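Only one chain is shown below, in structure tokens, and it's the form predicted on its own.
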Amino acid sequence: MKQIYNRHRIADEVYFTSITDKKFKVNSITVNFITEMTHNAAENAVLDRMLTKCCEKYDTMAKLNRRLSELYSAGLNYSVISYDDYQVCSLSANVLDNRYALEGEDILRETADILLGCIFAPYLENGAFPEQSLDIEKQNQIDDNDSEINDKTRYAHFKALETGFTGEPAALRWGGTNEEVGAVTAKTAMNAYRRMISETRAEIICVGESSFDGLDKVFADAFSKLERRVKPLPESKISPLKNEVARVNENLDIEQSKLVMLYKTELRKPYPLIVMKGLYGGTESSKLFLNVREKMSLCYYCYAGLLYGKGTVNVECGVAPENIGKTEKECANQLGEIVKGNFTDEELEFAKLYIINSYRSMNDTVSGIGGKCLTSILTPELDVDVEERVRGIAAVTREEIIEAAASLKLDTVFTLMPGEKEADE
């Protein structure tokens, strides 16, 4: 059955989207609060964690979890991500569809009411978030930050973005720094809460078997009780090319070096860039994988990613220290091969099929559909309908691939090398 998609405005900078797909037995409701990435990121991340632990009606985690369990093991989740120049703080609920309730209960509405309670009626003590709970979530955020720093592949990725996007919102980390997290207080957390519900754009995305009839009015009523003072979300901007390539080297107590290269483009054609990235370094038959890794054995891993909203292609490699220079040169050489048109029809077709399969797999889960929907909202050039995306990929021509590759200019090179360990940031 074809998905039924509907999106409409229900309040000031609040939008409600429902996607009905009868192949699922569950429903998902996600409230995404979207703001420009700032140094308030740490406060927002800690707050997001706090809001799913309890609420005014269920004032302990045990009470909240007990009630969710009674609703056929419904669940609450949170997530915080960076997307181009934005920070997206999400609160979601998942529940079995009403059709499977044994006594005809409206478990979708009851679960939605719990989610609404967590957002609009959080548990407070003397008008503020409880200090003990706040300290626990701050430590959890610091632990998550540390886990990313300890993963040197991700660490190198973020350090390259810091350099490549210097002075732009996208240079900031999704959860702030440990110092910023440590500075969060009950007062600043409350300030973040007030900003979130009153000043931040909200995208509510519901996916599942239900038609979600009437749920938009429930959320509209909740937001109508607030004095909303929302400024339109600023457009995420492509990152300008530097006058000279920025080269940053860092030493840490590691054995394997990391190389990250950022290329920038002003081309605003998403599907040619996506296919070009796949051909260059996005599949097991890509230029980078087959040549730099397999044939020349210059690196342990080598792949390319695309940050379309920032007009940036990131090339990332795990390399022996003595091969850093050779690897950078060969990655550039393989991009040059695409510019020259030195790729076969079979290579191009495989890249397209790989991307098409990944798109179609988005429809396999409610979270995949919700994520696809959010990216299409934040990046309007990407179709929300998977089959429209498939047609966009399939229509990409050899000439468009060459144009996309030729538009890339090297902007940043970040290397993480073995050496004396530097002080933690």
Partner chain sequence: MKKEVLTSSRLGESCTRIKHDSGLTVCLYPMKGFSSAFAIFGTRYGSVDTTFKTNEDADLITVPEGIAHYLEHKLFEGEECNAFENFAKTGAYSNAFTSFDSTAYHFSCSDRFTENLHTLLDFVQHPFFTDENVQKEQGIIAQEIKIYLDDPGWRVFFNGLGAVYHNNPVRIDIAGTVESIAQINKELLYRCYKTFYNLNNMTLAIAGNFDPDEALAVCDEMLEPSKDIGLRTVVPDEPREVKEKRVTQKLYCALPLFQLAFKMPELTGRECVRQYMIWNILLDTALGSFSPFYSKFYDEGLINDTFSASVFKGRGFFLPIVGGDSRDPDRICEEVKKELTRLKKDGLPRADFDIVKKMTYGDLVGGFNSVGSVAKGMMNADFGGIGVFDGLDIAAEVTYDDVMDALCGLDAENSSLSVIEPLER
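Positions refer to the first chain, counted from 1. A quick note: this is a predicted structure, and the numbers were derived from the prediction, not measured.
Not pictured, yet referred to below: the form predicted in complex with its partner chain.
Report task. Heavy atom within 4.5 Å of its partner chain in the predicted complex: which of A171, V218, V230, A320 fits that? Just give me the one. Result -> Here the answer is residue option A320.
**Report entry** Position in contact with its partner chain when the complex is considered in the predicted complex, options S147, T344, N333, N249, heavy atoms within 4.5 Å
**Finding:** Spelling it out, the residue with a heavy atom inside the cut-off is S147.
Query raised in the report: its partner chain in the predicted complex: within 4.5 Å of a heavy atom of each of S73, D143 and S361?
Result: Contact check passed for all of S73, D143 and S361.
Query raised in the report: Only one of 85-93, 233-241, 132-140, 180-188 gets a heavy atom within 4.5 Å of its partner chain in the predicted complex; which is it?
Result: The contacting stretch is 132-140.
Query raised in the report: With a 4.5 Å heavy atom cut-off, would you call R9 a contact of its partner chain in the predicted complex?
Result: Contact with its partner chain, no.
Query raised in the report: Does the 4.5 Å heavy atom contact test between A128 and its partner chain in the predicted complex come out positive?
Result: Heavy-atom contact with its partner chain at 4.5 Å: absent for A128.
Requested in this report: Indicate whether its partner chain has at least one heavy atom within 4.5 Å of a heavy atom of R389 in the predicted complex.
Outcome: No, R389 is distant from the partner.
Requested in this report: Classify K152 as contacting or not contacting its partner chain in the predicted complex by the rule of any non-hydrogen atom within 4.5 angstroms, answering yes or no.
Outcome: K152: contacts its partner chain in the predicted complex.
Report task. For the heavy atom contacts within 4.5 Å of its partner chain in the predicted complex, list the residues of 327-354 involved, in sequence order. Result -> Residues within 4.5 Å: F350, L353, Y354.
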